[in-house]
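Here's a solo chain for you in structure tokens, the form predicted alone.
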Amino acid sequence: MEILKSRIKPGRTLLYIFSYSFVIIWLIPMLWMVITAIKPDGSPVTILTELIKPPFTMDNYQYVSENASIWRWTWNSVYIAVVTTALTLLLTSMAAYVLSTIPFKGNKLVFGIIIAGLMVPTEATIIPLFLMMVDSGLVNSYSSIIFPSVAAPLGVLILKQFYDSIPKELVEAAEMDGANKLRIWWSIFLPLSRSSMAALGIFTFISSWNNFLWPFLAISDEKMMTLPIGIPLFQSGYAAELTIPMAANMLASLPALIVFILFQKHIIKGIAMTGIK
């Protein structure tokens, strides 16, 4: 009994209490959304006793599927997020590899310019980007959303820090075996940075999935809208009703939740390895 008491430290107990308290606080609105989404249309959902009282129905999901372009918006969001993530990982890893392993005049200057991009707020680039897309004829297209998102200075910073820690002996051994720069990047640097790239990929995916401001300006065709734009448009017709909008929100949040649940270990490991605070 004394051994058990010695293992249970008061500080750790308080930490667990605070941690689980925050988890419960975070889950409450999620549970409210889940239950509200299956309540009949017009049911009172702001009173707890009425919220948990039957009946429950799945008709709201059927209504949303039939009256909103939810699946089209979902496809648009998935396609844009996947392509943006793939291109971001490709470009940032290649840029970080060049800056980390290939010495050239102005290397530090180029890296400094890239990192300076972190200090430029997104809102400051909206007007120039929009004018560029109009002049290029890319408005109301996937490209207008994808191309501005693949420039990721943070990704270059994260991967360069990791690549700098890879022993130079590995590169030298590969060069002695006749491997060229592209082969070394593909066979050594990419496999070793899987955790960091997985974390970066998930952050990029979720950021692209939740992106609202730029798609809102670049897309006006309803068929090309993503979920963050389409869902508010659909909800605007249900200002006083909550059950149907919550059903739409549930359908919209499922893909992002699934991605996070499946890859949460990579997120934690990637954060630990890359030193993100």
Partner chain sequence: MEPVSIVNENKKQQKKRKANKVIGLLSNKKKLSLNLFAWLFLSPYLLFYSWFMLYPIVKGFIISLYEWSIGNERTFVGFGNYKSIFQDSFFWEALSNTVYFVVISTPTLVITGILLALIVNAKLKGTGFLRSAFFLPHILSISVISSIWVFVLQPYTGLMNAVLKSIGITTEIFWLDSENLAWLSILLATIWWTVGFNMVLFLAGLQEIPDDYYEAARIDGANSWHCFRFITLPLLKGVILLVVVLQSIASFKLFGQSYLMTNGGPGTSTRTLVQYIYETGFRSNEMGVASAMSYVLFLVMILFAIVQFKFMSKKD
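Residue numbers count along the first chain shown, from 1. The term rigid core refers to the most C-alpha atoms you can superpose between the two forms while keeping them within 1.5 Å. Keep in mind the model is a prediction, meaning the values are calculated, not measured.
If you look for the form predicted in complex with its partner chain, you will not find it shown, but the lines that follow are about it.
Stretch 147 to 155 is the contacting one of 165 to 173, 193 to 201, 147 to 155, 67 to 75, since its residues have non-hydrogen atoms within 4.5 Å of its partner chain in the predicted bound form. In the predicted bound form, at least one heavy atom of Pro128 sits within 4.5 Å of its partner chain. The shortest heavy atom separation between Pro121 and its partner chain in the predicted bound form is within 4.5 Å. The shortest heavy atom separation between Asn249 and its partner chain in the predicted bound form is within 4.5 Å.
Contact check for Thr46: a non-hydrogen atom falls within 4.5 Å of its partner chain in the predicted bound form. Heavy atoms closer than or equal to 4.5 Å to its partner chain in the predicted bound form belong, across 92 to 106, to the residues Thr92, Met94, Ala95, Tyr97, Val98, Leu99, Ile102, Phe104, Lys105, ordered by sequence position. Put the two forms on the same core and the Cα of Asn67 is off by less than 2 Å between this form and the one not shown. Residue displacement note: Ile47 has its CA displaced by at least 2 Å between this form and the one not shown (rigid core superposed).
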